[in-house]
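Shown here is one chain on its own, the form predicted on its own, set out as structure tokens.
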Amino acid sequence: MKGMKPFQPDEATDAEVAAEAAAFGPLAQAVRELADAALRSTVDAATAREATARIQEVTARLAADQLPGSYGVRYRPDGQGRPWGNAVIGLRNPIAPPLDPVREGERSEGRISADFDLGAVYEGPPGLVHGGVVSLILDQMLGQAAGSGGRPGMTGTLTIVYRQGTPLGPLRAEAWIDRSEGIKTWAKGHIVGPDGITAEAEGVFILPRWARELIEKRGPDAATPAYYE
């Protein structure tokens, strides 16, 4: 949004970060549960109208004091960041499932995995995850694999092959670095359901200008900014 820097130095103390997470993480989860309840509710019209009025009341209270733009990504001097507004992994974003990727193996491999659950709000075909949501998750996982390997990147290209429908419910996503060359990193990954791989992806991720400038300023041996970690 206008006037908002997407990547900002994180000036909050550890205690302040913990306090924000403790207050707003549960709020985001409550809104996720609200969305699911609203979608699947079978209450009568009067109850629905009453609930609407109460939700609008709460929304007005939360909107009384807001950031001027998006949440952005705040990063610390060691390169670690907190993308709490992210649509896939954002702790404060109710749209996010959210995923919590875990690094596996050597850093250079950029190998990560995440176990997660997608409920009714992510449905496309009956009982299946919307294909766009599958793409969203794989885009995030591949980009995060690149970042986990020390080369954070913005998506240049993304190719997805849908092997079968991805069922709603518990799922697993895995991603890793295929190779790197200059400012480009090639990554691959897939989503696994109860009957095996449902979708595969490969993409190219470009090291953004701000990261190149930060690396150049700090030197090649300094911590690489990894705002997805």
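Just count from 1 along the sequence shown to find any residue number. Since this is a predicted model, take the numbers as computed values, not measurements.
This next part talks about the form predicted together with another copy of the chain, which is not shown.
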- Message: Is V102 near another copy of the chain? Define near as a heavy atom within 4.5 Å, in the predicted bound form.
- Response: no
- Could you confirm whether I177 comes within 4.5 Å of another copy of the chain in the predicted bound form, counting heavy atoms only? no
- Query: Though only this chain appears here, would W186 touch another copy of the chain in the predicted bound form if you measure heavy atom gaps against 4.5 Å?
  - Reply: no
- Query: Is R107 a contact residue for another copy of the chain in the predicted bound form, using a 4.5 Å heavy atom cut-off?
  - Reply: no
- Message: For a quick check, can you give me the residues of 21-59 that have a heavy atom within 4.5 Å of another copy of the chain in the predicted bound form?
- Response: A22, A23, F24, P26, L27, A30, V31, E33, L34, A35, A37, A38, L39, R40, S41, T42, V43, A45, T47, A48, R49, E50, A51, T52, R54, I55, Q56, E57, V58, T59
